[in-house]
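Presented below, as C-alpha cells, is a lone chain in the form predicted alone.
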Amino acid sequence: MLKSTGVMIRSGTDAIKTYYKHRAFEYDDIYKLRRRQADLAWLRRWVTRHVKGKTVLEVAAGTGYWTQVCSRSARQVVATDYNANTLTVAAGRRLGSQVSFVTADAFRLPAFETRFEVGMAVLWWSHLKQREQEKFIAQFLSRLAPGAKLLLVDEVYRRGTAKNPISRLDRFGDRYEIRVGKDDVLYEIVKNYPADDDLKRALSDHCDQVRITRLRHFWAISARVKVRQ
C-alpha cells in the first residue's frame, strides 16, 4: 500500500488481481476502440492461422476474447486465468466442447495430462515485472511440447493516446501507472512497454525462430520452444 498526497494507493500482485477482478464485465471495451480495429483484424487472422488444428494453452485468458478466436480453428483450447470473475464471462460465450476453462495462477499452472502444441498470452507480458519474466516463461513453456509455438501479444506505447500516465519507474526499470478501480480505489499497476531487443533477450534461453511484428497499437511475437538435444 502506497500513500501519495494523503491518498492511499493499492499496489503489489494482489492489488493487480483485485483491479482486474472488478473490471471483469467491462474489460472487452478495449477491443471496441475504433482506432484499433485494423490491428485487431490482423491479429485475429494471425492467431487463427497459428492455432489451426492445434492444442492450445492460454494464460491470462480474461473474458475469453482471444479464446473465442482460437476456438474457431484450434483442435482444443484450455484457457486459464487467476480471476474466476473473468472466466465466468468467458464461459458465457459458449465456445463448444473443445474449449475448457481453468482457474489458475499464471505462475502456478496445473500439471496437465499432456503438453500443448501452442501457448498463448495476450495483454499479459506488459504486467510482468522484468525480474518475473524468466520464472513465468520457464514454467509456462514446461507445459508446452518441445517445438511448440509460443504466441505473445501486447500493446505498443503511443504518446498522446495512453490515458494512464506513468506514476514511477522502480530501480529495476519497471514502469507503473495509477488507475481508478470500479470501487473508486486507486491501484498502482505494472505496465511495461518493452523494446524488441528486450523481448528477444527474455526469450533467448528458451525459444528460437523468434519473429516480432509491430502494428500501430500492438506487437505480436511467434516463437518456437527449443528442442533440447
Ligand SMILES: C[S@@+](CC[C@H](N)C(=O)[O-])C[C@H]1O[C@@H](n2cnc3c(N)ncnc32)[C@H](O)[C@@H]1O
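Quick note: we count residues from 1 along the sequence shown, nothing fancier. All figures in this text were calculated on a predicted structure; none of them were measured in a lab.
One more form of this protein should be noted, the form predicted together with the named molecule, which is absent from this view; the next part is about it.
Although the partner is absent from this view, residue 133 stays clear of the named molecule in the predicted complex, with no non-hydrogen atom inside 4.5 angstroms. Although the partner is absent here, residue 107 lies within 4.5 Å of the named molecule in the predicted complex, judged by heavy atoms.
Taking the partner from the other structure, the named molecule in the predicted complex has a heavy atom within 4.5 Å of a heavy atom of residue 127.
Using a 4.5 angstroms threshold between heavy atoms, residue 101 stays clear of the named molecule in the predicted complex. Comment: 59 to 67 is the region of 167 to 175, 193 to 201, 59 to 67, 41 to 49 lying near the named molecule in the predicted complex, near meaning a non-hydrogen atom within 4.5 Å.
Taking a 4.5 Å heavy atom cutoff to the named molecule in the predicted complex, the contact residue among 123, 91, 145, 156 is 123.
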